[in-house]
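First comes one chain, alone, set out as structure tokens in the form predicted alone.
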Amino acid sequence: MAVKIQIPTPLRPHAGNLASVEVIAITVGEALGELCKLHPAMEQRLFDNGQLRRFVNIFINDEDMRYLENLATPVKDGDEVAIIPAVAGG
């Protein structure tokens, strides 16, 4: 299944300065894994010891994956996966 992954501006230098990447995957975790294979520098930005970093939010077609099946959430052809880094401040 062709899935489009939206890359946020702060992470684009680690993904060849691309705004999005299309990968073939059947789950969100597999899609992110394919992204990391294409752009290895993304892995350390997204994962820590194989676990998605706490401050990285992933949305599938505007739905937070934490309220679905997390990295096991199925994706289908044409879905969009957005990587949204958490923002904090005061």
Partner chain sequence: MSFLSRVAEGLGPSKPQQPVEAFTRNDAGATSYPGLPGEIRSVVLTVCPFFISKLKYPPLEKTTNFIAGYCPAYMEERQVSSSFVKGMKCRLCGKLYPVTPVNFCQDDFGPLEIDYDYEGLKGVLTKEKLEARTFNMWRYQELLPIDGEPTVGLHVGGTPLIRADRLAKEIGVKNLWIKNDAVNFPTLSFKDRVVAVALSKAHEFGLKTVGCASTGNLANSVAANAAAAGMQSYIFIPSDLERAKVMGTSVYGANVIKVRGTYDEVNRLCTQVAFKYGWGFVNINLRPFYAEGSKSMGFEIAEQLGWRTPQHVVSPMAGGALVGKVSKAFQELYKIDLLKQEPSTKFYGAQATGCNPISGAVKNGWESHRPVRKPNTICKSLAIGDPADGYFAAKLIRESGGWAEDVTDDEIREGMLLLAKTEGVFAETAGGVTVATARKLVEQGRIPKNEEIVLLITGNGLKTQDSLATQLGEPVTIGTSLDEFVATMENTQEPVLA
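Numbering follows the first chain given and starts at 1. Just so it is clear, the model here is predicted, and its values are computed rather than measured.
In what follows, reference is made to the form predicted together with its partner chain, a form of this protein that is not presented.
- Taking non-hydrogen atoms only, T9 approaches its partner chain to within 4.5 angstroms in the model of the complex.
- K76 falls outside the set of residues with a heavy atom inside 4.5 Å of its partner chain in the model of the complex.
- Though the partner is left out of this view, M1 does not reach within 4.5 Å of its partner chain in the model of the complex, counting heavy atoms only.
- Its partner chain in the model of the complex is not approached by K37, whose heavy atoms all lie more than 4.5 angstroms from it.
- Looking at 62-80, the residues that come within 4.5 Å of its partner chain in the model of the complex, counting any heavy atom, are D62, E63, D64, R66, Y67.
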